[in-house]
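This document opens with one chain alone, in C-alpha cells, the form predicted alone.
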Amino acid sequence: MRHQLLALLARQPAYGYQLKQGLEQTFGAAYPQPNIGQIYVTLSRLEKSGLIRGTEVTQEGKPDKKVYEITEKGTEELAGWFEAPTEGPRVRDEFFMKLILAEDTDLADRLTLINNQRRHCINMMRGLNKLAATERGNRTSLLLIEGAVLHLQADLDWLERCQEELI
C-alpha cells in the first residue's frame, strides 16, 4: 500500500480519508477496500521514513487533520517503483506443492486436488464476471478484473496440463 499512497500524494497533498477515497474511486470494487487504519499506519511509517511530510491543519469545530505531501525522497522512491519490473510468474506455487507432495501420503488424491482447484478457479471467474457487470463505468476496474480473469483462465489451462502429465 505504501507505493499506492505515494502515487496519490505525487498528484496532490491529501489527508488519510481522501487517500482512501482516491484508491476506491480509482480502482472501484475490483480492488480490495482499503482499511482506514491500515492507511494511517502506512502514512505514519512513510513519514518516519522521510518519504512524506505531514502538516497539522486546524479545522473550526472539528478535530485537526493532518495533510500529507510527498517529499523529494518519496518521489525518488516512487520513481524507482515505477521503473522496477513487477514480480513475474510464481515458481513456488502452493497448489503445485500440494499436488506433488500429496503422492504416496494417502491423505489426498491428485485428481481430486486438481478438480477442487478447477472448481475454485471457475467460481472465482463467475464472481469476477458478476463484479464486472457492476463496474461498467470504471475502465480501470474493468481492466483489473479482465487481468484477473485471464490469469484464472491460464491457471485452468495449466491445471489441464497437470492432469495430463500427472494422472
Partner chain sequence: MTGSEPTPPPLLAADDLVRSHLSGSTLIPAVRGVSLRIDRGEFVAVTGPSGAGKTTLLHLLGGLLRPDEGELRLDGRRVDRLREAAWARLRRRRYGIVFQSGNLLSDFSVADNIELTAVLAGMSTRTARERRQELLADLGLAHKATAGPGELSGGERQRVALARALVNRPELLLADEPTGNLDSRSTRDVLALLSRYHEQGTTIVLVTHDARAASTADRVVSLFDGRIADDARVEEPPAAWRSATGIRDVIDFGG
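It should be emphasised that the depicted structure is a prediction, and the values quoted were computed from it without experimental measurement. Positions refer to the first chain, counted from 1.
The next section is about a form of this same protein that is not shown, the form predicted in complex with its partner chain.
Contact with its partner chain in the predicted complex, defined as a heavy atom within 4.5 Å, is made by all three of R119, N123 and I145.
Contact annotation: of the candidates E94, E72, E87, E83, the single residue with a non-hydrogen atom within 4.5 angstroms of its partner chain in the predicted complex is E87.
This chain lacks the partner; the member of K62, K48, R139, K130 within 4.5 angstroms of its partner chain in the predicted complex by a non-hydrogen atom is K130. Looking at 32-40, 110-118, 94-102, 48-56, the stretch with residues near its partner chain in the predicted complex, meaning non-hydrogen atoms within 4.5 angstroms, turns out to be 110-118. With a 4.5 Å cutoff on heavy atoms, A10 does not count as touching its partner chain in the predicted complex; it lies far away. Within this chain, Q21 is remote from the site of its partner chain in the predicted complex, having no heavy atom within 4.5 Å.
Mapping the unseen interface onto this chain, A14 falls outside it, with no heavy atom inside 4.5 Å of its partner chain in the predicted complex. In the predicted complex, Q25 stays away from its partner chain, with no heavy atom inside 4.5 Å. Relative to the shown form, the Cα atoms of F82 and L152 move together by 3 Å or more in the predicted complex.
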